[in-house]
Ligand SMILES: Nc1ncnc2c1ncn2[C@@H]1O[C@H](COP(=O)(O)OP(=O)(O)OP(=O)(O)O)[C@@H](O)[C@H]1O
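Just the one chain here, the form predicted alone, laid out as structure tokens.
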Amino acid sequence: MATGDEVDPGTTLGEVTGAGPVPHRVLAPVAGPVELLASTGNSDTVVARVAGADVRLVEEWPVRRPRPYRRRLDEVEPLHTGQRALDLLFPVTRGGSAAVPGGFGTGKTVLLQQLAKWCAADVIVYVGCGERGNELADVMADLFALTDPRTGGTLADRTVVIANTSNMPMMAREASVHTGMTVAEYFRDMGHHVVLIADSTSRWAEALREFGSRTGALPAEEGYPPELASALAAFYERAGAVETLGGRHGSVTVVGAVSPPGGDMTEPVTALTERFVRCRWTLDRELAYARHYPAGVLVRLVLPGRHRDRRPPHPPRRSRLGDPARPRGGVARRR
């Protein structure tokens, strides 16, 4: 790329050296001629100028507005999670979405941390929304201690952590998942495959409920705002494999944990999440307490609209003489 060249939106103007194992590309925001290209710079300086638009290493974007792309891709490619039980029985596509519902202590955070460590993604965006601070501290300690098998460095070199713990303000928790999605789309536009992990979307929905109660909005089921379904749909629909404006292929895969109170899978957040995700990894409390990992994905498949503990009724008992499988005129006996 040189000064005076005509570029389209999304064209790579250059790469940042020393940014870690993930190539950090500087993209053109608009179409037009290149007026300036700098060899060095930082986040405050202008490193390029295209058709009068200044380009910096930091980009501002409204977190609730999806970033543009050229088209969605129809190719189906599995995402290798690093967990053989999930890859074999409950695979998720690259650019798809998955939910991890489970009661307290079933291992949702442990499963999500395993995905962050071993899934086949270029960038990991880990959003800790409303969870305990010690869990995020453990995540950060592991990311800096474990060696990345893809690059040889630490896992923290290609991971973005957005921490909004339970003691943080309500609106910070509400905006955390949108912030994580915008960061994921930012790396997707560079041509990377990103996995967004949200732990948990139930705490995010509780922030919506608290905000609705303070603003005087009419409550719906269990006090959640009526637009809960629309908010969940707007979040999960931003996942996908796309062709970017620059012609590269990138993807954002979303995995969200759901924490139903008391393990009730019929509560609003769990029920509405099932409408917008294509994969569900249900964790079972009994198997988790029996130290079975993963807790439930191998044993029970929960169908929509059916409670997990509901079993099919026993067939009606028939008399021996009326059983069509037995010969007429008497009862077959064994000598």
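Values in this document were obtained by computation on a predicted structure and should not be read as measured data. So that there is no doubt, residue numbering starts at 1 and follows the sequence shown.
What follows is about the form predicted in complex with this ligand, which we do not show.
Just one listed stretch, out of 179-187, 141-149, 98-106, 154-162, contacts this ligand in the predicted bound form at the 4.5 Å heavy atom level, and that stretch is 98-106. None of the heavy atoms of M170 is located within 4.5 Å of this ligand in the predicted bound form. The closest heavy atom approach of Y69 to this ligand in the predicted bound form falls outside 4.5 Å.
Among heavy atoms of E135, some come within 4.5 Å of this ligand in the predicted bound form. Although the partner is absent from this view, V110 contacts this ligand in the predicted bound form, with a non-hydrogen atom inside 4.5 angstroms.
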